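Next comes just one chain, in structure tokens: the form predicted alone.
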């Protein structure tokens, strides 16, 4: 490995090294506070390592990895999101009976897997990153072993993830059998030279779509999502909803751009059907739920459908819209799960709609934050979610995708209902006329984190120009 390789992959190497050191720290002495503080420091150091890496971009570590503005932007997004989830995790695990320290090994390791996906440009690195991410998630999802639902969720994820990995591997093998390449640009060049997509490659892409669709939680590969979200610890659910899906989406964008996916109508139609089905099924099933974790799970399925609309537009503004929407979605989802985390007691998670009845009269500040997050998910003005959805609609208009846009508008209206239902529940007066408190006090770190997320959410909703200019700059590197 050259010096330039080492610096370019600095964030990834830093975080992975921190996992090894954490393991040694735990072996020497178990201490929740020390392990937590060291993990926070590791994320900060990995974020700092992005700065020297910028001096060497674009840089390729042949044949597996590429570090450019696009990957560094998403590396920053993944690390920042991981840092915020970690901030919210301390009090949640401190109140629970299980051993806490191993959580701080698994979370950075899963983040490392997502970082490998972000810089991948080859089937081998894609699969390696995916497996690091998946294996870490097996442990994270089933981390609270005293809970029956946690074990069940872990086993379900293990079985389905193994199945989807098998489909992904078989699909890669079929693509390699025809093209003779495993790197994305090589596959794109081979297909262009052939001038068509043979049945073998089309079958390979279809099998790969099953593996990727499982990670993204899109229809019809979404069945695992509600049970996993419900059974996993809340910080892990936030991780799955954001970093896990985001890493997979970034590598999908790079693959689609490198093989010139828009030139092949069959691939476009497969993704379009998945997009429409995800929007309708996600929103429709969310309407029937009483559990907020499950509502957020189905909501995330619908949001993946929205993102695919921009993805399929085939214009540069579509890729820019996806990046902005991802930023908005990460902030909003982590904020929404953050509210659930700070409201949960040591006995059980605050996850049913009834837990939030009259919440505004007990915890006005947290209810206001939750309202802002839900309005952003619904795409209401003055929030980052509205700007993200606006850019997606603009990309759809530029790509003349009127049918998909019509579906998006219909589903946005459907989605508005179940977000408003939660907000209405929070503003209901207490049934007995007496204000009761579930928790005597809320964690300070959690409240400060929620405040910062809300400020960024509204800031991007009012002034998105700086973020959009940064995204436009990085997109020039891959388009």
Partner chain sequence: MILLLLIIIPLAGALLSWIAAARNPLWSRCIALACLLVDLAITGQIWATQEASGGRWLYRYKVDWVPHFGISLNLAMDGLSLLMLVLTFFLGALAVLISWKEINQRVGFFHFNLLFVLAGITGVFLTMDLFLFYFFWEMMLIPMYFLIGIWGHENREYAANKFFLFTQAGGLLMLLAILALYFIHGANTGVYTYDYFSLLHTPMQQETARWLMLGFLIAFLVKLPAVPFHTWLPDAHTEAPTAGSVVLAGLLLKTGAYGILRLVLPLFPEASVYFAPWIMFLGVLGIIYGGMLAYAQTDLKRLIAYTSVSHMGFVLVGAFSFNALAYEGVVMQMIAHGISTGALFIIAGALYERIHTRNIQEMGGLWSRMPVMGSAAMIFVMASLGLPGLGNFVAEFLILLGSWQANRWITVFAAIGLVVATAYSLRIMQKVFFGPANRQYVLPDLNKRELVIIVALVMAILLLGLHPQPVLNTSQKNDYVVR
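Numbering follows the first chain given and starts at 1. Just so you know, these numbers come straight off a predicted model, no measurement behind them.
The following text describes the form predicted together with its partner chain, which does not appear among the structures shown.
- Heavy atoms of every residue among 371, 381 and 398 are located within 4.5 Å of its partner chain in the predicted bound form.
- Residue contact check for residue 29: none of its heavy atoms lie within 4.5 Å of its partner chain in the predicted bound form.
- Using a 4.5 angstroms threshold between heavy atoms, residue 61 stays clear of its partner chain in the predicted bound form.
- Although the partner is absent here, residue 173 lies well away from its partner chain in the predicted bound form, with no heavy atom inside 4.5 Å.
- When contacts are judged by a 4.5 Å heavy atom cut-off, residue 412 counts as touching its partner chain in the predicted bound form.
- For the options 391, 143, 298, 363, the one in contact with its partner chain in the predicted bound form, meaning a heavy atom within 4.5 Å, is 391.
- Taking a 4.5 Å heavy atom cutoff to its partner chain in the predicted bound form, the contact residue among 416, 57, 34, 49 is 416.
- Residue heavy atoms within 4.5 Å of its partner chain in the predicted bound form occur in exactly one stretch of 336 to 344, 114 to 122, 404 to 412, 249 to 257, and that stretch is 404 to 412.
- Applying a 4.5 Å heavy atom cutoff to its partner chain in the predicted bound form picks out 461, 462, 463, 464, 465, 468, 469, 472 from 452 to 472, in order along the sequence.
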